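Presented as structure tokens, the chain that follows is alone, the form predicted on its own.
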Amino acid sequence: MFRQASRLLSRSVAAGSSKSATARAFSTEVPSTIDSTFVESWKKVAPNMDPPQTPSSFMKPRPSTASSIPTKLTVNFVLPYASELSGKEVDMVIIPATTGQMGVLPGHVPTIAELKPGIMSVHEGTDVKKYFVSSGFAFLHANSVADIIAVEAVPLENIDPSQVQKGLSEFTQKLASAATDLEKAEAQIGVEVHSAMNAALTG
């Protein structure tokens, strides 16, 4: 198996070296249309079936990277069931990354950041909108576009402090009385999320 893999690898390397050396295209340069060569090959194999759709078929092309740093950061903030912000131009976003609070300004270096339970704040002039996010990812692009995908999020003002305290107490008790690893893990997650919410409300 390993010998076959090495042969295939060396074959692909040799094929690649025969072509002119070019840098891998950024996401802003990848066309959103289906490759015509792939469509032709597909029709030879399955002439009675339409070619499959790819994710790029459903996405708008990213705007090109500006030669100068723009004055605004474009934010797309989405949940699995809703879009909170779509193409919103703001001054700054602060996200709760697993490495710590991360401030994102226009011209930020391209980054992928994993989110942890905490406060995400969107700054637009003197207006600051705060959300509590449970987890997710932030994709920061070179063209000053930030795509923030959260598993769950709620505006901070919609959180009931009494319910947070109640949930924290319940999960703390469950963690102390957990009999299995699964029960312990579920209780630990509950404690961490409710502790983060409590810190956000009191801080």
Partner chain sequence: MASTAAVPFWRAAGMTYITYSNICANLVRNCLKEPFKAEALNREKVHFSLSKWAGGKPEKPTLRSDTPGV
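As the structure is a prediction and not an experimental result, all values here were calculated from the model. Numbering follows the first chain given and starts at 1.
What follows is about the form predicted in complex with the partner chain, which we do not show.
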- Message: When the contact criterion is heavy atoms within 4.5 Å, does N143 count as touching the partner chain in the model of the complex?
- Response: no
- Message: When the contact criterion is heavy atoms within 4.5 Å, does A179 count as touching the partner chain in the model of the complex?
- Response: no
- Query: According to a 4.5 angstroms non-hydrogen atom cut-off, is F171 in contact with the partner chain in the model of the complex?
  - Reply: yes
- Message: Since only the chain is shown here, I'm wondering whether F132 would be in contact with the partner chain in the model of the complex (any heavy atom pair within 4.5 Å).
- Response: yes
- Task: Spell it out for me: taking the partner chain in the model of the complex, does every residue among V90, A97 and F139 have a heavy atom no farther than 4.5 Å from it?
- Result: no
- Identify, from the list V39, A46, I159, I69, the residue with a heavy atom within 4.5 Å of the partner chain in the model of the complex. I159
- What are the residues of 137 to 157, in order along the chain, with a heavy atom within 4.5 Å of the partner chain in the model of the complex? F137, V151, E152, V154, E157
